[in-house]
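Take a look at this single chain in structure tokens; it is the form predicted alone.
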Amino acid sequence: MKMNQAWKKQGINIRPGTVITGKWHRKRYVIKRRLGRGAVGTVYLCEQNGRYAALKISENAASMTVEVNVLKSLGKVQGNRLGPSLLDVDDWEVSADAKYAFYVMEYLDGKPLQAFIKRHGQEWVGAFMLQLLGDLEHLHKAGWVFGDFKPENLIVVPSPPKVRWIDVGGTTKIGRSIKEYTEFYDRGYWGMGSRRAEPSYDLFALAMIFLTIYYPTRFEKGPNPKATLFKKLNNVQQLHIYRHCLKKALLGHYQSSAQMRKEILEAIHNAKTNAKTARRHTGTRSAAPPSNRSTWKEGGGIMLLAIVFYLSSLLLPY
């Protein structure tokens, strides 16, 4: 992860069992274990009155205030839970010379995107792509860009399966310079655009997220980064349905998430229609060429999942 500002990487180590009591609200949080550490602070799993939550703590009060404001702003996006719910904001005063800022948010227990798709099937790729594009459209309309958009900041929660955002530290106001990014998902690193906060920046990262599902160890950009990306994309048969749309996202040809989402839906619909036509002509599904069977099956499966889980969102105007 890189940042446009020279912010120090925070390293606050708190032992499990430690009780953090807020200076102002006097709420008590029992630390269970560390969940992660980033450029601004450290996140811990904690318990408060028998309920689990995620507590982020840092010495950098100014940066924490920025993140709190982002979470508050996302919470105002009507009808959509884009980020984790903000539960508390306070300070932890250890001594006269040691005070830390912290905030407490909803703890989202789920599976990483790649692990979920590997276990439950490729049909979920299209369904999650549609969902994330819808969420990004709401975020962009609220005046923000996710910025540090990557698999590590996403988690799939059950009942029904849905992708949720677990770290909004890189979220940036539209029009400003991206304040926090990870090179592999950054179009500037690939020479495919600027680091200006605009919808197309997130859409490039979205394409990279789904590409890296099939390249978990990532890959080097080589002497011709654009050619490298297109070659890697062309080699993934599971992304055949979305290949044209993902290339447009990598090239920055979409002006909005809604535009890309519309074309993804059209691609899925066309795959479904082509599958029906081919079956009519052959008279039997088994007569289909092996290379096309998985594509046909996926097109039907994706459409079914999209209808079942996201029908209401498809009817909402963007």
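Remember, it's a predicted structure, so these values are computed and weren't measured experimentally. Residue numbers here begin at 1 and follow the sequence given.
Separately, the form predicted in complex with a small molecule exists; it is not shown, and the next lines address it.
If you check in the predicted complex, is residue 202 within 4.5 Å of the small molecule, heavy atoms only?
The answer is no: residue 202 has no heavy atom within 4.5 Å of the small molecule.
Using 4.5 Å between non-hydrogen atoms, is residue 278 touching the small molecule in the predicted complex?
Residue-level check for residue 278: no, no contact with the small molecule.
If you check in the predicted complex, is residue 261 within 4.5 Å of the small molecule, heavy atoms only?
Contact with the small molecule, no.
Under a 4.5 Å heavy atom criterion, is residue 251 part of the interface with the small molecule in the predicted complex?
Residue 251: no, not in contact with the small molecule in the predicted complex.
Pick from 139-147, 205-213, 161-169, 237-245: which stretch has non-hydrogen atoms within 4.5 Å of the small molecule in the predicted complex?
Looking at the partner contacts, the answer comes out as 161-169.
Could you spot which one of 54, 271, 265, 70 gets a heavy atom to within 4.5 Å of the small molecule in the predicted complex?
Going through each option in turn, the one that passes is 54.
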